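Form predicted alone, single chain, as structure tokens, below.
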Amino acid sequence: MLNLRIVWNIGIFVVACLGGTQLAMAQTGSTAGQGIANTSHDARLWTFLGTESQICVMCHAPHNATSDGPLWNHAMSAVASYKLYGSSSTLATIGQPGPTSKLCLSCHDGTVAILSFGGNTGGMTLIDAAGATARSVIGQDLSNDHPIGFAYDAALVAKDPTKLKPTSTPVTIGASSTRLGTIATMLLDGGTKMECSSCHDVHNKFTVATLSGRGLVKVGTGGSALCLTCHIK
């Protein structure tokens, strides 16, 4: 009998047959803005050979948590240095991912087992589950992704007039549940830093639907709305 590991990948079920190479996929039924239940971050849906009753346990624990994030429960990546985005047109000073982004990368850089939480270690990584080409596997090379780890502030706007002013440009995030503020208050980590959480709401509270049904994005991608939230084009 085949040994099955069921992993909820970013918006898809990935069923990997150990000792074989077949992958079976099914589309998620989650709804944008309706909360974390039934999304790709719902730990009940991908538990290995068992039933996990707790939605939040993959990332959070009420007791014996680490100081890496809010009541953090997942093993952190040991990657010290990621390959960063670079472009002749980039005027921002891009640095390594900040602490908030490192929480995301504890799964999404593909170096830590998905089930390494609550003191457990080992098992499948996202790369094991779906291969390095899967959307959810960002990897250690961030040079082909939107830059993060930089200050988006008045000093940057003064150098780069193609950027909207973060403290005065209005932004509405979400669909069924919405919040209105500015780029700084709605998108930037700590009001100043561009990080993974600038575009994504991991808890699916203030998100919008996308054509692919995945992404957990705060602003829609239709008509490049997400890009035009910050960029003047």
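Given the structure is predicted, the values throughout are model-derived calculations rather than measurements. All residue numbers refer to positions in the sequence shown, first residue = 1.
Quick note: we don't show the form predicted together with a small molecule, though the next part is all about it.
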Next on the checklist: Contact with the small molecule in the predicted bound form for Ser136, defined as at least one heavy atom pair within 4.5 Å: yes or no?
Outcome noted: yes
Checklist entry - Even though the small molecule is not shown here, does Ser89 get within 4.5 Å of it in the predicted bound form, heavy atoms only? => result yes
Checklist entry - Would Ile127 show up as a contact with the small molecule in the predicted bound form if we use heavy atoms at 4.5 Å? => result no
Next on the checklist: Does any part of Val79 reach within 4.5 Å of the small molecule in the predicted bound form? Heavy atoms only, please.
Outcome noted: no
